[in-house]
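In structure tokens, the next block holds one chain alone, the form predicted on its own.
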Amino acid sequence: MEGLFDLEPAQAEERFVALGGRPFHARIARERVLAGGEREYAGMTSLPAGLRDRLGVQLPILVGAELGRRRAPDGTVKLLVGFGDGVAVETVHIPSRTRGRGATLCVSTQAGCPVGCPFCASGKEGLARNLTTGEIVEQFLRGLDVGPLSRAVVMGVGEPLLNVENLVRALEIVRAELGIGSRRITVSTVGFPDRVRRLAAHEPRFQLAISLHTVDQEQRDQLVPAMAGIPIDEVLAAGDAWFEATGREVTYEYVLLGGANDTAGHAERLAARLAGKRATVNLIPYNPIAAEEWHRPSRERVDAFAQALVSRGLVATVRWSRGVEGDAACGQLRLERARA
């Protein structure tokens, strides 16, 4: 079903008029949702009662329904949101470790994922469809209902650059009307070179993360099947082009898979390929999925990999994923429901 935030403001005004309202009623409703926290027209007493009833049926604010909620011991909250055609997506509210700061929201862009990384829960059931602009915005509204937000990462289910038009429209609403600035929004992609270059032309520009996982071509073809045949050199060149066009450094994400891509040799080759680039490497120890062949490396092995990069002049961070204790890490709740 089409929702309020699937429409541009001018389109929403036309729809409100068609339902018996006035153009300014659409502006009031939008402000009450984005700035006032309303989630139902019923509470908007400045709108005519009959219009509120018709809007609730024909142009809802929230088109999805919460199918599940899971809270991990560290405070991370994962929401499973289902839409009318039977698809479900995940949204994760990750509290800050710094007192007084709002949380980070991890949002999805597709129901399922076509990339097919064998270690990732998000794509185990394949791709159902792209999310609409309104469905992406809805995740932010539901996240705000859990608690205040200060940052957002587009790192949930799906490949963002395969749904870039809807994503950019949604993030513009988030930036302009929810107040999360573009420098506090990171879009994570496997790095389709042409799409990375096109995204660099969009204004405003968001932060970019490219999921690399290895610099050995044969291994990357296996770990990121949708990128098979696309040379790593082209991915890195697109990252360089991004920095030249935007002035913003790329973060290269690297999921550490115990015994697969976490050796000293992998670290040396990664450091050599990224030498001299304006970039950060974000190391992510693997999130275990039940009955999978992959496993999480030890903390000592992770620290050694990070130190090997730093000693060769790279900026490297380690992100121990939040929510793992409650199966709230990315893709797991949706996969659990699908398999059930």
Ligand code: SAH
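If you're wondering where the values come from, they're calculated on a predicted model, not measured in any experiment. In case it trips you up, residue 1 is the first one in the sequence shown, and so on.
The following text describes the form predicted together with the ligand, which does not appear among the structures shown.
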Location of the ligand contact in the predicted complex, chosen stretch of 229-237, 130-138, 156-164, 258-266 [non-hydrogen atom, 4.5 Å]: 156-164
Among the candidate residues I28, L309, A279, I284, which is the single one with a non-hydrogen atom no more than 4.5 Å from the ligand in the predicted complex? I284
Quick one: of S211, T214, T91, T104, which gets a non-hydrogen atom within 4.5 angstroms of the ligand in the predicted complex? S211
Does I289 reach the ligand in the predicted complex if we count a contact as any heavy atom within 4.5 Å? yes
Given that the partner is absent here, does C120 sit within 4.5 Å of the ligand in the predicted complex, heavy atoms only? yes
Could you tell me if A111 has a non-hydrogen atom within 4.5 Å of the ligand in the predicted complex? no
Contact test in the predicted complex: T189 vs the ligand, heavy atoms, 4.5 Å: yes
